[in-house]
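The chain below stands alone and is given as C-alpha cells, in the form predicted alone.
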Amino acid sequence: MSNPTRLRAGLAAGALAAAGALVLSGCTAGGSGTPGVTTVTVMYATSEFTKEQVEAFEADNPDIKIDFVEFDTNRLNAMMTAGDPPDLVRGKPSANLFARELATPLDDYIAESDVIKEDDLLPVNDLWRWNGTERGSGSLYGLVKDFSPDTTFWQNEALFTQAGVEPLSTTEPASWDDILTKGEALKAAGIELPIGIEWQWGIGGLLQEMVEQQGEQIFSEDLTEANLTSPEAIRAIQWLIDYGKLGIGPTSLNPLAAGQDGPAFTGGEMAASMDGYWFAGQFTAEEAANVAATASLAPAPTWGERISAVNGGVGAWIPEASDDKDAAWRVMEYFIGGQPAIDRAKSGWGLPALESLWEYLPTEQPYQQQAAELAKAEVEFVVPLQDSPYISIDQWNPELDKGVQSGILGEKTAKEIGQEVQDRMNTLLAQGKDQLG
C-alpha cells in the first residue's frame, strides 16, 4: 500500500482546542505507591479500551498499573491547563494540537519498537504527521487505532434491483452527480430513503474532499485564509443544496429519529449509505442478515482526482507533559499493535492502521470479502486533506450547515452561502492565529 502525497484534512482540526487539552487525573509515573510499579493514566473511551484489556495488560506488565479515566474533552482541557495531563490520550489528529506542541513525537519509540514498525504503518497514519507548517509529513505525533475511507458507500443491491436502478460499481468510483441521479431514480421508484450521507456528523469534510478532488483547496497556502467562493467550492455547496432539495436522504432539516443511517440501512429501508467500512461490523447481527446477503461496498465518488477521505483517524497520543512517556508508549504499543488491535480487526468494525493486521479482517461472508478487497484498493487514495492550525472543522462545520440549510430552503444561493461561510471562517482564522501566536 503506497504512500500518499497530498494533504487532507477532513475533520480536523482542531482546535482540539478543545482538543488541545486533555485532562488527566492523577497522572503519574511512579506514583502507584508500590515500589517498582509505575502508574500510567490512560484517558480513553471505555467502549474502545475495555476493562478486560486493562487487566490483561497489567497481568503481562506487572511493573505498570493503568489508572483509567473516561475520555472527556472538558476534563482533558482542565488537566492540561493544570499541568497534570494523562499519559496516553484518545484523540483525532489536528494541526492545532501539533502546532501547540502538546504531543510527543513518536519516531524514536517506533524506531526501537518490536511491535509497531515504521514499514508496517499504513499511509493513514500520516494524518498524525506534522512538519512544523502542515499536516501529512514530518514527525509522527500519534497513531491511528482503526479507520475507514469514510465516503465509500454501502449499498443494498436488492433495493436497487427492486427499483430497476443499476447499483454503484464496486470497482470504479461514481461521480457525485451520479449519486444524485441514482438517488432521484430510486426515489421515483418508491424507495423512501435512497441515499444517506450521515449529514448529522458534519458536511465540512465531505465538502473539502469534493473541492480537493477538483484540484482546489479551501485554505490558502499559509493556512491563514479560507476560500469558499471558488467555482469548485460553489459546485460542492450546490451539490449539498441539491441533495437536500431532492429529498433523497436525511439532512439536519429532516434527520432520522435514530440519529444515524445504521438502523435504516440494516432494516432494509435505505438503499445506500456513505458510512465506509465501519458498517460491516453491524451486518453480523441476525436481524441484518437479509441486507447483508446483498450488501456491497462501493468506492468513494469523485469529481476528478481520486481522493478518498478519512475524516476521523482516531487513535492515541502521548502528551509532551506526560510524567512517564516510556511507560505510556508500552501501553500504546499494546493497544495499537497488540491483542486489542487484533481483536478489533477480527470484529470488522474498522480497518487496522498496521498493514500486518489486515490478515485478521473477517472474510467468511461474501460482503466481508468484497469489502476487504475494496478497502485494500481504496486506501491507495487516502491522503491527508488540508488542515489549518488556526481553526477546527468543528468550528466552521456548523456555519456551513446553517448556510446550506438556507440554500435548501431557497433563501440563499450557493455563492451567497460560500461568501458568508468564508467571511466567518476568516474571522475565526484570524482569531486562532492571534491565539497561537
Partner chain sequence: MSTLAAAAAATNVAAAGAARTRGWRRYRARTFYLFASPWIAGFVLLTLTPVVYALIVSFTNYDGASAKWRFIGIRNYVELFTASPAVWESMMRTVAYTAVVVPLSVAGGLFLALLVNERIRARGVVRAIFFVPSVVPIVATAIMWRLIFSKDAGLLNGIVQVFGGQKVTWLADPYVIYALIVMSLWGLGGGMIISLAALQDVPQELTEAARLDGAGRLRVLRSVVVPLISPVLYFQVITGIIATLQMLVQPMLLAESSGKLSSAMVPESTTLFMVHVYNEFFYNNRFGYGSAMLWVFFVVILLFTVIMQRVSRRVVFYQNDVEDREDEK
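It should be emphasised that the depicted structure is a prediction, and the values quoted were computed from it without experimental measurement. Residue numbers count along the first chain shown, from 1.
Another form, the form predicted in complex with its partner chain, is not on view; read the next lines as being about it.
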The unique member of 101, 326, 305, 287 whose heavy atoms fall within 4.5 Å of its partner chain in the predicted bound form | 101
With its partner chain left out of view, which of 164, 255, 268, 281 would have a heavy atom within 4.5 Å of it in the predicted bound form?
-> 255
One stretch from 78 to 86, 354 to 362, 104 to 112, 306 to 314 that, in the predicted bound form, holds residues within 4.5 Å of its partner chain by heavy atom = 78 to 86
In the predicted bound form, do 157, 344 and 366 all put a heavy atom within 4.5 Å of its partner chain?
-> no
Exercise: residue 259 in contact with its partner chain in the predicted bound form, heavy atom 4.5 Å = yes
Its partner chain contact at residue 424 in the predicted bound form, heavy atom, 4.5 Å | yes
Are any of the heavy atoms in residue 386 no more than 4.5 Å from a heavy atom of its partner chain in the predicted bound form?
-> no
Check whether residue 322 has any heavy atom within 4.5 Å of a heavy atom of its partner chain in the predicted bound form, and answer yes or no.
-> no
Interface residues of 267 to 296 toward its partner chain, as seen in the predicted bound form [heavy atoms, 4.5 Å] | none
